[in-house]
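One chain comes next, on its own, written as structure tokens: the form predicted alone.
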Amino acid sequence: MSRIAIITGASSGMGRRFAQTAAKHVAFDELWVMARRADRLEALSQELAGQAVRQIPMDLTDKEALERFTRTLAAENPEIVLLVNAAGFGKFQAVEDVPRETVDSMLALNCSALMDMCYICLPYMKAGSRILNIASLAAFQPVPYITEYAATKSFVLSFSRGLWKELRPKGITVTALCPYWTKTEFFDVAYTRTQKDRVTYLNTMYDPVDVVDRGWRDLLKGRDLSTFGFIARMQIFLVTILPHRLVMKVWCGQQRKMSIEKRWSILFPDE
């Protein structure tokens, strides 16, 4: 039986970093990388020369594509030793400014597709198999102007921790990775670079290399939750003990500390 590792959202950001480092942490025969952009998956496969990599270009929100993937697993019957759900996106706008179809896509990718992948892959997991779902620090509180995104990540966090408890007796672990601001292509999508963008204050920015390294460490220890950085851990503590009305008031006040034009110039210096 072939042992495989599956990583969604592998074309960029933390998903790509997990794919680049998977062989250092988990023993498998073949790495299956999934994303919509086939050219990015091809480039990743070239980078991982020497490893057995299967490129699966697909839209995780496409139910027919998921059914084809399900049939592939049934036909090959592999042992899935690792599943990393890293696909997702958000928008930094007021709810009224985000098109409904964009919100529907966000819910489908951030929540439904992640849950679907867990359901599809679980029958092929055994004791020692591991799941890592990327949530967010935003999962611990309501966050105005990232309202929909924060809500989807609250779902991911709750689902992951509940699943961790259910699967522990089977020897399968589930880790929710909750990064703080991390420099990835997430911001290329989150910002429209128009005056509708509302998030201007990012008090720190972590390196995805460090966040993913911490994710691996906590995943391999079987922890249900993974965070990186003192600021992130302190924020989790504070939003746990403070009223969320106060937390939201502070957050909205912070957004007036920097103009959106200044924030763009920092995040997108070449534009």
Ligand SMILES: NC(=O)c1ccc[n+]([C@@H]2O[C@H](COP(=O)([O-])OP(=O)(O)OC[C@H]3O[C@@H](n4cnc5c(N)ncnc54)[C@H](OP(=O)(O)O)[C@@H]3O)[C@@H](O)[C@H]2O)c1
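Predicted model, so just to flag it, every value in this text is computed and none were measured. So that there is no doubt, residue numbering starts at 1 and follows the sequence shown.
What follows is about the form predicted in complex with this ligand, which we do not show.
Proximity of residue 153 to this ligand in the model of the complex falls within the 4.5 Å heavy atom cutoff.
In the model of the complex, at least one heavy atom of residue 37 sits within 4.5 Å of this ligand. Interface membership of residue 58, defined by any non-hydrogen atom within 4.5 Å of this ligand in the model of the complex, is confirmed. Heavy atoms of residue 80 never reach within 4.5 Å of this ligand in the model of the complex, leaving it off the interface.
Note on the partner interface in the model of the complex: the residue among 145, 159, 124, 181 having a heavy atom within 4.5 angstroms of this ligand is 181. Comparing 44 to 52, 22 to 30, 60 to 68, 229 to 237 against this ligand in the model of the complex, the single stretch with non-hydrogen atoms within 4.5 angstroms of it is 60 to 68. For the stretch 130 to 159, the set of residues having any non-hydrogen atom within 4.5 angstroms of this ligand in the model of the complex comprises 134, 135, 136, 149, 153, in sequence order.
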